[in-house]
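Just the one chain here, the form predicted on its own, laid out as C-alpha coordinates.
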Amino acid sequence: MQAHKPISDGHSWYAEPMAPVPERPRLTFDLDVDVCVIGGGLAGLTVAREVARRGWSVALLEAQTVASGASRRNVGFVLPGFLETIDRIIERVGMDQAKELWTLSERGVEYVRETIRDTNMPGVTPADGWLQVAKFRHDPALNKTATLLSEQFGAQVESWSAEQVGAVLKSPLYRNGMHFPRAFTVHPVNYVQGLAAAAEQAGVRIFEHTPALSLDPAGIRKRIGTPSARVRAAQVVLAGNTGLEGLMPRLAASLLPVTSYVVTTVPLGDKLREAVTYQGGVSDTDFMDNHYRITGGDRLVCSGGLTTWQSDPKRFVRRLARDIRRAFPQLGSVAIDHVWSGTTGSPVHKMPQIGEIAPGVWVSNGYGGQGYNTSAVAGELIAAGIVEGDESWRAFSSYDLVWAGGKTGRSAMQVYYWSCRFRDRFHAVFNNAPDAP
(Lines give C-alpha, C1' and ligand atoms only; values in the text may rest on other atoms or scores of the structure.)
Protein backbone atom coordinates (compact mmCIF):
# COMPACT_ATOMS: atom_id res chain seq x y z
CA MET A 1 0.00 0.00 0.00
CA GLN A 2 1.47 3.32 -1.06
CA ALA A 3 0.48 6.19 1.22
CA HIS A 4 -0.61 9.43 -0.39
CA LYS A 5 1.96 11.92 0.90
CA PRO A 6 0.71 12.25 4.48
CA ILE A 7 1.07 15.68 5.98
CA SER A 8 3.42 15.91 8.94
CA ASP A 9 2.24 15.91 12.55
CA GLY A 10 0.65 19.21 13.55
CA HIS A 11 -1.38 19.65 10.37
CA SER A 12 -4.49 17.59 10.86
CA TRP A 13 -7.54 17.38 8.63
CA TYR A 14 -9.07 19.74 11.17
CA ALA A 15 -6.24 22.28 11.03
CA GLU A 16 -8.24 25.20 9.66
CA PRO A 17 -11.06 26.49 11.90
CA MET A 18 -14.29 27.77 10.36
CA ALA A 19 -14.15 31.18 12.02
CA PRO A 20 -11.11 33.50 12.08
CA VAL A 21 -8.93 32.96 15.15
CA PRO A 22 -7.92 36.22 16.87
CA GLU A 23 -4.34 36.90 17.83
CA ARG A 24 -4.19 36.75 21.60
CA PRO A 25 -1.48 38.62 23.49
CA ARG A 26 1.25 37.48 25.81
CA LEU A 27 0.92 38.61 29.39
CA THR A 28 3.43 41.47 29.79
CA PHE A 29 2.09 43.22 32.90
CA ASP A 30 1.25 42.18 36.45
CA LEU A 31 -2.39 41.27 36.90
CA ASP A 32 -4.76 40.72 39.81
CA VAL A 33 -7.84 38.56 39.21
CA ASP A 34 -10.25 36.44 41.19
CA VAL A 35 -9.30 33.21 39.37
CA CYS A 36 -6.30 32.20 37.28
CA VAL A 37 -6.74 29.19 35.00
CA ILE A 38 -3.62 27.46 33.68
CA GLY A 39 -4.18 25.62 30.41
CA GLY A 40 -6.12 26.62 27.30
CA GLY A 41 -7.70 23.35 26.19
CA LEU A 42 -11.22 22.05 26.71
CA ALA A 43 -10.80 21.81 30.48
CA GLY A 44 -9.32 25.26 31.04
CA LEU A 45 -11.64 27.08 28.66
CA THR A 46 -14.77 25.51 30.13
CA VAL A 47 -13.99 26.28 33.76
CA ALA A 48 -12.82 29.79 32.85
CA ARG A 49 -16.02 30.45 30.96
CA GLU A 50 -18.21 29.13 33.76
CA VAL A 51 -16.46 31.18 36.45
CA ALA A 52 -16.72 34.34 34.32
CA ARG A 53 -20.40 33.70 33.65
CA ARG A 54 -20.88 33.80 37.42
CA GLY A 55 -19.42 37.31 37.54
CA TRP A 56 -15.83 36.71 38.71
CA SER A 57 -12.73 38.03 36.93
CA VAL A 58 -10.67 35.34 35.18
CA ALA A 59 -7.29 35.21 33.45
CA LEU A 60 -6.35 32.12 31.43
CA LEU A 61 -2.67 31.39 30.76
CA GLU A 62 -1.75 29.16 27.83
CA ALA A 63 1.87 28.18 27.18
CA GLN A 64 1.37 27.93 23.41
CA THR A 65 -1.91 28.72 21.68
CA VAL A 66 -5.49 27.82 22.55
CA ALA A 67 -6.12 24.10 22.00
CA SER A 68 -2.59 23.42 20.77
CA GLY A 69 -2.64 20.02 22.51
CA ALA A 70 -5.04 17.08 22.63
CA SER A 71 -8.17 19.25 22.50
CA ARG A 72 -7.77 19.77 18.75
CA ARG A 73 -6.09 16.47 17.88
CA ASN A 74 -8.91 13.97 18.43
CA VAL A 75 -11.75 12.54 16.38
CA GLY A 76 -14.43 14.60 18.14
CA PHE A 77 -16.48 11.96 20.02
CA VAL A 78 -18.82 13.47 22.64
CA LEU A 79 -19.84 10.50 24.79
CA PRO A 80 -21.40 9.80 28.18
CA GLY A 81 -19.44 7.81 30.73
CA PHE A 82 -15.74 7.64 31.51
CA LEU A 83 -12.64 5.76 30.45
CA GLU A 84 -13.24 3.40 33.39
CA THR A 85 -15.97 0.79 32.91
CA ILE A 86 -19.26 1.18 34.73
CA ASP A 87 -18.81 -2.21 36.44
CA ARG A 88 -15.54 -1.11 38.01
CA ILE A 89 -17.01 2.22 39.05
CA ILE A 90 -19.86 0.43 40.86
CA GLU A 91 -17.36 -1.93 42.49
CA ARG A 92 -15.31 0.99 43.79
CA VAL A 93 -17.89 3.57 44.87
CA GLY A 94 -21.20 1.68 45.09
CA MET A 95 -24.36 1.89 43.04
CA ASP A 96 -25.70 5.22 44.37
CA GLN A 97 -22.51 7.17 43.73
CA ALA A 98 -22.00 5.42 40.40
CA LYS A 99 -25.43 6.66 39.34
CA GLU A 100 -24.49 10.19 40.39
CA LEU A 101 -21.29 10.03 38.36
CA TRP A 102 -23.10 8.68 35.31
CA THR A 103 -25.69 11.46 35.52
CA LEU A 104 -22.89 14.01 35.65
CA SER A 105 -21.29 12.46 32.57
CA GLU A 106 -24.57 12.75 30.67
CA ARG A 107 -24.83 16.37 31.81
CA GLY A 108 -21.41 16.93 30.24
CA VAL A 109 -22.68 15.71 26.87
CA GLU A 110 -25.64 18.07 27.08
CA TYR A 111 -23.37 20.96 28.08
CA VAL A 112 -21.45 20.58 24.81
CA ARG A 113 -24.69 20.35 22.85
CA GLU A 114 -26.14 23.43 24.57
CA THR A 115 -22.96 25.44 24.08
CA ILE A 116 -22.97 24.74 20.35
CA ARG A 117 -26.63 25.72 20.09
CA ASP A 118 -26.62 28.75 22.39
CA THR A 119 -23.55 30.35 20.81
CA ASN A 120 -24.50 29.52 17.22
CA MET A 121 -21.04 27.97 16.94
CA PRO A 122 -19.94 27.82 13.29
CA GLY A 123 -18.57 24.76 11.54
CA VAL A 124 -19.01 22.22 14.32
CA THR A 125 -21.20 19.92 12.15
CA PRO A 126 -22.51 17.64 14.92
CA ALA A 127 -23.62 14.15 13.89
CA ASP A 128 -25.73 12.09 16.28
CA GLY A 129 -24.83 8.71 17.71
CA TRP A 130 -22.03 6.51 18.98
CA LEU A 131 -21.87 2.80 18.21
CA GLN A 132 -19.55 0.46 20.12
CA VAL A 133 -19.24 -2.85 18.30
CA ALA A 134 -17.81 -6.29 19.10
CA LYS A 135 -15.12 -7.66 16.83
CA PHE A 136 -14.76 -11.27 15.68
CA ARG A 137 -17.40 -12.79 17.94
CA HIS A 138 -20.56 -11.88 19.82
CA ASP A 139 -19.78 -10.06 23.07
CA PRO A 140 -22.43 -10.66 25.77
CA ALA A 141 -20.77 -8.01 27.97
CA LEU A 142 -22.06 -5.28 25.63
CA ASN A 143 -25.64 -6.49 26.06
CA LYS A 144 -25.15 -6.76 29.82
CA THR A 145 -23.76 -3.21 30.05
CA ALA A 146 -26.54 -1.79 27.90
CA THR A 147 -29.17 -3.48 30.08
CA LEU A 148 -27.53 -2.24 33.27
CA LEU A 149 -27.28 1.35 32.05
CA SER A 150 -30.81 1.36 30.70
CA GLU A 151 -32.58 -0.30 33.61
CA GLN A 152 -30.52 0.91 36.60
CA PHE A 153 -29.19 4.27 35.37
CA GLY A 154 -31.97 5.43 33.06
CA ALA A 155 -29.48 5.89 30.23
CA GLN A 156 -30.55 6.17 26.60
CA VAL A 157 -28.72 3.14 25.22
CA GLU A 158 -29.70 0.28 22.94
CA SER A 159 -28.43 -3.25 22.40
CA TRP A 160 -27.90 -3.88 18.70
CA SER A 161 -27.84 -7.32 17.15
CA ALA A 162 -25.24 -8.39 14.61
CA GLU A 163 -27.88 -7.84 11.93
CA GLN A 164 -28.47 -4.25 13.05
CA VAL A 165 -24.74 -3.54 13.12
CA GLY A 166 -24.26 -5.17 9.73
CA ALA A 167 -26.97 -3.01 8.21
CA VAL A 168 -24.91 0.16 8.80
CA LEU A 169 -21.33 -1.20 8.85
CA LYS A 170 -20.65 -3.61 5.97
CA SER A 171 -17.74 -5.32 7.70
CA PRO A 172 -16.82 -9.01 8.12
CA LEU A 173 -15.37 -8.26 11.56
CA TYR A 174 -18.32 -6.97 13.51
CA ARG A 175 -20.97 -8.72 15.53
CA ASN A 176 -23.31 -7.16 18.11
CA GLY A 177 -23.06 -3.62 19.48
CA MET A 178 -24.17 -1.00 21.97
CA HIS A 179 -25.69 2.21 20.62
CA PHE A 180 -25.92 5.61 22.34
CA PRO A 181 -28.29 7.79 20.27
CA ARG A 182 -27.70 10.93 22.40
CA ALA A 183 -23.92 10.86 21.91
CA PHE A 184 -22.58 12.80 18.92
CA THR A 185 -19.46 13.90 17.09
CA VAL A 186 -18.07 17.37 16.45
CA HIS A 187 -15.39 19.13 14.45
CA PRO A 188 -12.80 19.39 17.25
CA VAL A 189 -10.98 22.55 16.16
CA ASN A 190 -14.13 24.50 15.44
CA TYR A 191 -15.65 23.45 18.76
CA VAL A 192 -12.67 24.41 20.91
CA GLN A 193 -12.16 27.71 19.08
CA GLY A 194 -15.87 28.42 19.50
CA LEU A 195 -15.53 27.60 23.19
CA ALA A 196 -12.62 30.07 23.47
CA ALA A 197 -14.74 32.77 21.83
CA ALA A 198 -17.60 32.01 24.23
CA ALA A 199 -15.20 32.28 27.19
CA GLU A 200 -13.94 35.67 25.99
CA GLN A 201 -17.50 36.86 25.46
CA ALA A 202 -18.19 35.95 29.09
CA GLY A 203 -15.26 38.11 30.16
CA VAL A 204 -12.26 35.75 30.29
CA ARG A 205 -8.91 37.30 29.40
CA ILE A 206 -6.84 34.75 27.47
CA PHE A 207 -3.06 35.14 27.25
CA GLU A 208 -1.23 32.90 24.79
CA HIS A 209 2.49 32.08 24.69
CA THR A 210 2.44 32.67 28.44
CA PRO A 211 3.63 29.58 30.31
CA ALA A 212 3.12 29.43 34.06
CA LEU A 213 6.63 28.96 35.41
CA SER A 214 5.99 29.02 39.14
CA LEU A 215 3.13 28.77 41.61
CA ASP A 216 3.17 29.94 45.21
CA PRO A 217 -0.09 28.60 46.67
CA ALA A 218 0.39 30.06 50.14
CA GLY A 219 -1.82 32.81 51.52
CA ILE A 220 -5.08 34.32 50.40
CA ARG A 221 -3.64 35.54 47.08
CA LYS A 222 -1.77 32.88 45.11
CA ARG A 223 1.14 34.03 42.96
CA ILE A 224 1.78 32.66 39.48
CA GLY A 225 5.01 33.56 37.73
CA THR A 226 5.28 33.87 33.94
CA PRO A 227 8.23 34.93 31.73
CA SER A 228 7.27 38.61 31.74
CA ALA A 229 4.77 39.21 34.52
CA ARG A 230 3.09 37.89 37.64
CA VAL A 231 -0.56 37.01 38.29
CA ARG A 232 -2.14 37.21 41.73
CA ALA A 233 -5.39 35.32 42.21
CA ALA A 234 -7.54 34.07 45.07
CA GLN A 235 -8.12 30.77 43.26
CA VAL A 236 -5.99 28.81 40.78
CA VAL A 237 -7.22 26.05 38.46
CA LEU A 238 -4.64 23.66 37.01
CA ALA A 239 -5.99 22.41 33.68
CA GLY A 240 -2.72 21.69 31.89
CA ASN A 241 -3.06 17.98 31.13
CA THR A 242 0.45 16.49 30.93
CA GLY A 243 2.29 19.84 30.79
CA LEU A 244 2.57 20.58 34.51
CA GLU A 245 5.83 18.81 35.38
CA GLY A 246 7.68 22.00 36.28
CA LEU A 247 4.77 23.67 38.02
CA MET A 248 3.38 20.85 40.17
CA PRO A 249 5.39 17.62 39.85
CA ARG A 250 3.07 15.57 42.10
CA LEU A 251 0.10 16.32 39.88
CA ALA A 252 2.06 15.60 36.71
CA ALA A 253 3.26 12.29 38.17
CA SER A 254 -0.34 11.11 38.62
CA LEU A 255 -0.89 10.95 34.84
CA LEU A 256 0.33 8.45 32.28
CA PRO A 257 0.97 10.33 29.03
CA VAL A 258 -0.74 8.39 26.25
CA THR A 259 -0.26 9.31 22.60
CA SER A 260 -2.64 8.05 19.94
CA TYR A 261 -2.48 8.54 16.18
CA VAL A 262 -5.08 9.70 13.68
CA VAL A 263 -5.33 9.45 9.90
CA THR A 264 -7.75 10.78 7.34
CA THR A 265 -8.22 9.03 4.01
CA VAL A 266 -8.44 10.65 0.63
CA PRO A 267 -12.03 11.09 -0.61
CA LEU A 268 -13.42 7.58 -1.16
CA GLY A 269 -16.70 8.47 -2.85
CA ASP A 270 -19.52 5.97 -3.14
CA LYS A 271 -17.35 3.08 -1.94
CA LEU A 272 -17.28 4.55 1.55
CA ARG A 273 -20.92 5.61 1.51
CA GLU A 274 -21.90 2.04 0.67
CA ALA A 275 -19.60 0.48 3.29
CA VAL A 276 -20.51 2.85 6.14
CA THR A 277 -23.99 4.29 6.31
CA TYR A 278 -23.76 5.18 10.00
CA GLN A 279 -22.98 8.88 10.41
CA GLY A 280 -21.98 8.95 14.10
CA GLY A 281 -18.84 7.72 15.81
CA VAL A 282 -17.83 4.04 15.84
CA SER A 283 -15.53 2.25 18.29
CA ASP A 284 -14.54 -1.38 17.87
CA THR A 285 -12.52 -1.75 21.05
CA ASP A 286 -12.36 -0.58 24.65
CA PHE A 287 -8.79 0.58 24.08
CA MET A 288 -7.31 3.03 21.57
CA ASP A 289 -7.93 0.90 18.42
CA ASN A 290 -9.95 1.83 16.46
CA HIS A 291 -12.32 4.77 16.57
CA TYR A 292 -13.57 6.27 13.34
CA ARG A 293 -16.27 8.24 11.58
CA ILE A 294 -17.03 9.78 8.22
CA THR A 295 -15.86 13.36 7.76
CA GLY A 296 -16.03 15.71 4.83
CA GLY A 297 -18.76 13.61 3.23
CA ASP A 298 -16.64 10.76 1.90
CA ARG A 299 -13.45 10.55 3.96
CA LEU A 300 -12.83 8.26 6.90
CA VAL A 301 -11.03 9.67 9.92
CA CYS A 302 -9.62 6.89 12.10
CA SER A 303 -7.65 6.94 15.34
CA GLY A 304 -5.60 4.09 16.71
CA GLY A 305 -2.27 3.06 18.08
CA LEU A 306 -1.02 3.83 21.55
CA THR A 307 2.41 4.75 22.77
CA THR A 308 3.49 6.03 26.15
CA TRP A 309 6.00 8.20 24.33
CA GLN A 310 5.56 10.56 21.38
CA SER A 311 6.42 8.82 18.14
CA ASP A 312 6.56 10.05 14.55
CA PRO A 313 2.92 9.88 13.34
CA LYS A 314 4.08 8.86 9.85
CA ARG A 315 5.13 5.51 11.29
CA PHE A 316 1.44 4.70 11.86
CA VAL A 317 0.13 5.44 8.36
CA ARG A 318 0.46 1.89 7.04
CA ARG A 319 -0.75 0.37 10.27
CA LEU A 320 -3.97 2.43 10.38
CA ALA A 321 -4.59 2.06 6.65
CA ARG A 322 -4.29 -1.70 7.15
CA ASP A 323 -6.78 -1.55 10.04
CA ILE A 324 -9.27 0.27 7.80
CA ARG A 325 -8.85 -2.30 5.04
CA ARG A 326 -9.24 -5.16 7.51
CA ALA A 327 -12.54 -3.70 8.71
CA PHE A 328 -13.77 -2.79 5.23
CA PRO A 329 -11.95 -4.88 2.60
CA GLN A 330 -14.29 -3.59 -0.12
CA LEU A 331 -12.52 -0.21 0.13
CA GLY A 332 -9.29 -1.78 -1.13
CA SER A 333 -5.94 -0.19 -0.31
CA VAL A 334 -6.98 3.22 0.96
CA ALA A 335 -4.63 6.17 0.51
CA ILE A 336 -4.01 8.43 3.49
CA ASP A 337 -4.07 12.21 3.13
CA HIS A 338 -3.37 13.39 6.68
CA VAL A 339 -1.75 11.93 9.78
CA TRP A 340 -1.22 13.47 13.20
CA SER A 341 -1.05 12.59 16.87
CA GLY A 342 -2.38 13.78 20.21
CA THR A 343 -1.22 13.19 23.78
CA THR A 344 -3.52 13.06 26.76
CA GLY A 345 -3.08 12.14 30.40
CA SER A 346 -4.63 9.03 31.90
CA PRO A 347 -4.73 8.38 35.66
CA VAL A 348 -4.16 4.85 36.92
CA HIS A 349 -7.79 4.66 38.06
CA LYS A 350 -9.04 5.83 34.61
CA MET A 351 -11.26 8.53 36.10
CA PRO A 352 -10.95 12.31 35.79
CA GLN A 353 -9.21 14.27 38.51
CA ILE A 354 -11.60 17.02 39.54
CA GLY A 355 -11.64 19.10 42.70
CA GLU A 356 -9.73 21.18 45.25
CA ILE A 357 -6.34 19.64 46.07
CA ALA A 358 -5.20 22.45 48.41
CA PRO A 359 -6.94 25.58 49.72
CA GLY A 360 -7.70 27.67 46.65
CA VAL A 361 -5.93 25.29 44.25
CA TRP A 362 -8.11 23.22 41.93
CA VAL A 363 -7.39 20.54 39.36
CA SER A 364 -9.22 19.58 36.17
CA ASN A 365 -7.44 16.90 34.16
CA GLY A 366 -6.96 13.16 33.62
CA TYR A 367 -9.65 12.67 31.01
CA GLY A 368 -7.88 9.82 29.23
CA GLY A 369 -9.25 10.46 25.75
CA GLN A 370 -12.81 11.21 26.85
CA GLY A 371 -12.44 14.92 27.40
CA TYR A 372 -15.54 16.53 25.96
CA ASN A 373 -18.13 15.47 28.51
CA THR A 374 -15.74 15.18 31.45
CA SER A 375 -14.12 18.60 30.97
CA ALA A 376 -17.60 20.10 30.69
CA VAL A 377 -18.62 18.40 33.96
CA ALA A 378 -15.45 19.66 35.63
CA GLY A 379 -16.00 23.19 34.38
CA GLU A 380 -19.43 23.47 35.93
CA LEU A 381 -18.51 21.68 39.16
CA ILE A 382 -15.33 23.67 39.82
CA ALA A 383 -16.96 26.99 38.95
CA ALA A 384 -19.82 26.24 41.34
CA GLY A 385 -17.30 25.16 43.98
CA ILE A 386 -15.25 28.35 43.66
CA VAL A 387 -18.04 30.91 43.36
CA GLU A 388 -20.89 29.32 45.29
CA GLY A 389 -19.12 27.00 47.72
CA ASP A 390 -20.98 24.07 46.19
CA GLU A 391 -19.39 20.72 46.99
CA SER A 392 -20.88 18.57 44.25
CA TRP A 393 -17.34 18.09 42.92
CA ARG A 394 -16.77 15.72 45.84
CA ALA A 395 -18.59 13.06 43.79
CA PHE A 396 -15.12 12.44 42.32
CA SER A 397 -13.29 12.44 45.66
CA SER A 398 -12.97 8.64 45.64
CA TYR A 399 -10.53 9.07 42.75
CA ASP A 400 -7.63 11.02 44.21
CA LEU A 401 -4.12 11.61 42.93
CA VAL A 402 -2.27 8.31 42.57
CA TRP A 403 1.32 8.02 41.38
CA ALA A 404 1.24 6.62 37.86
CA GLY A 405 4.46 4.67 38.25
CA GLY A 406 6.87 6.83 36.27
CA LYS A 407 8.83 4.99 33.57
CA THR A 408 7.77 1.64 35.01
CA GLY A 409 4.09 2.60 34.76
CA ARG A 410 4.55 3.72 31.16
CA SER A 411 6.27 0.45 30.27
CA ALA A 412 3.51 -1.58 31.92
CA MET A 413 0.84 0.33 30.00
CA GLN A 414 2.68 -0.23 26.72
CA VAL A 415 3.07 -3.96 27.35
CA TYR A 416 -0.62 -4.25 28.23
CA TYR A 417 -1.59 -2.49 25.02
CA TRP A 418 0.66 -4.74 22.95
CA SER A 419 -0.94 -7.77 24.59
CA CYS A 420 -4.34 -6.46 23.49
CA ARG A 421 -3.05 -6.14 19.93
CA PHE A 422 -1.73 -9.71 20.08
CA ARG A 423 -5.15 -10.89 21.27
CA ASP A 424 -6.75 -9.16 18.29
CA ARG A 425 -4.23 -10.82 15.98
CA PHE A 426 -5.11 -14.23 17.42
CA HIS A 427 -8.85 -13.67 17.06
CA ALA A 428 -8.42 -12.38 13.51
CA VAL A 429 -6.53 -15.53 12.48
CA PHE A 430 -8.85 -17.83 14.43
CA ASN A 431 -11.91 -16.30 12.78
CA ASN A 432 -10.24 -16.12 9.33
CA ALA A 433 -10.60 -12.34 9.17
CA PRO A 434 -9.07 -10.83 6.04
CA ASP A 435 -5.77 -8.96 6.28
CA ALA A 436 -5.14 -9.74 9.92
CA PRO A 437 -2.93 -7.13 11.56
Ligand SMILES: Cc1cc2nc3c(=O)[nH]c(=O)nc-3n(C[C@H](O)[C@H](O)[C@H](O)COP(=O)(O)OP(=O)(O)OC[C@H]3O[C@@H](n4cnc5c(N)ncnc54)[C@H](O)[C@@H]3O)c2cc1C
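Computed from a predicted structure; not experimentally measured. All residue numbers refer to positions in the sequence shown, first residue = 1.
The protein also exists as the form predicted in complex with the ligand; that form is not presented, and the subsequent description refers to it.
Contact segment among 166 to 174, 150 to 158, 337 to 345, 97 to 105, judged by heavy atoms lying within 4.5 Å of the ligand in the predicted complex: This holds for exactly one stretch, 337 to 345.
Taking the ligand as it sits in the predicted complex, is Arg73 near enough to touch it, meaning that at least one heavy atom pair lies within 4.5 angstroms? Contact check for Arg73: yes, within 4.5 Å of the ligand in the predicted complex.
How about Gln64 - does it come within 4.5 Å of the ligand in the predicted complex, if we only consider non-hydrogen atoms? Residue-level check for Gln64: yes, a contact with the ligand.
Indicate whether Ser68 is a 4.5 Å heavy atom neighbour of the ligand in the predicted complex. It does: once the ligand is placed as it appears in the predicted complex, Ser68 has a heavy atom within 4.5 Å of it.
In the predicted complex, does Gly40 come within 4.5 Å of the ligand, counting heavy atoms only? So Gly40 counts as contacting the ligand.
So which of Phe316, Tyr111, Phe77, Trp362 gets a non-hydrogen atom within 4.5 Å of the ligand in the predicted complex? Contact check passes for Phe77.
Residue (of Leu268, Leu256, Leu244, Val231) lying close to the ligand in the predicted complex, criterion heavy atoms within 4.5 Å: Only one listed residue qualifies here, and that residue is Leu244.
Counting only non-hydrogen atoms and a 4.5 Å cut-off, give the residues of 44 to 60 close to the ligand in the predicted complex. Sequence-ordered list has one entry, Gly44.
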